[in-house]
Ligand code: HSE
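First, one chain by itself in structure tokens, the form predicted alone.
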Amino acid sequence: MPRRVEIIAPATIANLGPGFDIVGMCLEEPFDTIHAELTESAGVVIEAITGDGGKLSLDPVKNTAGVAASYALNQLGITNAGVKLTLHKGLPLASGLGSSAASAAGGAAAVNALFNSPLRRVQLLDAALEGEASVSGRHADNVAPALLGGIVFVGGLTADKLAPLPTPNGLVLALVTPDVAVPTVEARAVLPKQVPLSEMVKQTAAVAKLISALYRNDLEALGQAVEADCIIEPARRHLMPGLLEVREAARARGAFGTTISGAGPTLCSICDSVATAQRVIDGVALIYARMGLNAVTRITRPSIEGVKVKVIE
């Protein structure tokens, strides 16, 4: 068996506009890095965490990676050995890029890899969900694409409810993350408890347009679809500084559409080239500078791999 492994745990974008809790996409970057090592003592130890500003707990029962790793050990029936984890958070916290899901998926994948990968990726879903649930609720729209890669339809919380969706060719994403934390719990708290039938019909049509655009490899239609959310975005808009300004500026610079990434505040613009994405992030950076807010910009693409495993020794 391997003694040490390195896990690359990717960022994800949930929802893609109207697909609230049912669609998620894996990204090439940013990502967390987890180093995992076999130990003779049973259980999980988190030795160190960097990149988090000291905000995350080293207690494995309070850390998503630790919770997921413990669950995976139980899945495998391992009682005479354990794992030691070291995490580097390349994902910003409370940013809408699936930070907790990346840690959870990475913790589960690390344990599986150290014991010769007896479980398929999809079989790690329960462990990753357990980790995610410990901090932000039991939903799979981030952990599923983090584990499996690509764009995933999430019809429920079990493996048989997941289905891959097409990843459009040439899709490039321009991301901007203003320096404002939006915890998932807070973003969910503002959502409406009841929705008028007319709005539900519009939302259903928007989801249909989203899925159709993916299958037709139509980036322009995809951009229109991600902006068609008429239920979740209006409720959360006040939590996302600059959303409407960024959307207008991005479109003027060639983006097909802009949406909130997950719970936000990261905003994601749909582009067809790196050059277009660069123009977009140059423009939106100016908006946040005028607002007096620091913001991090990134250009990335979808990843079809999900978590990556490298055996160190």
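Quantities reported herein were computed from a predicted structural model and do not represent experimental measurements. Residue indices: 1-based, along the sequence shown.
We do not show the form predicted together with the named molecule, though everything after this point is about it.
**Student:** Residues in which of 77-85, 108-116, 239-247, 139-147 have heavy atoms within 4.5 Å of the named molecule in the predicted bound form?
**Tutor:** Heavy atoms within 4.5 Å of the named molecule in the predicted bound form occur in 139-147.
**Student:** Quick check: do Phe31, Arg298 and Thr300 each get a heavy atom within 4.5 Å of the named molecule in the predicted bound form?
**Tutor:** No, none of Phe31, Arg298 and Thr300 comes within 4.5 Å of the named molecule in the predicted bound form.
**Student:** Exactly one of Ala263, Cys26, Val67, Cys271 has a non-hydrogen atom within 4.5 Å of the named molecule in the predicted bound form; which residue is it?
**Tutor:** Selected residue: Ala263.
**Student:** Evaluate Lys202 for contact with the named molecule in the predicted bound form, applying a 4.5 angstroms cut-off between non-hydrogen atoms, and reply yes or no.
**Tutor:** No - in the predicted bound form, heavy atoms of Lys202 and the named molecule never come within 4.5 Å of each other.
**Student:** Taking 4.5 angstroms as the cut-off for heavy atoms, does Thr184 touch the named molecule in the predicted bound form?
**Tutor:** Yes, Thr184 is a contact residue.
**Student:** Do Lys161 and the named molecule share at least one heavy atom pair within 4.5 Å in the predicted bound form?
**Tutor:** No, Lys161 stays farther than 4.5 Å from the named molecule in the predicted bound form.
**Student:** For a quick check, can you give me the residues of 297-311 that have a heavy atom within 4.5 Å of the named molecule in the predicted bound form?
**Tutor:** Nothing in this stretch is in contact.
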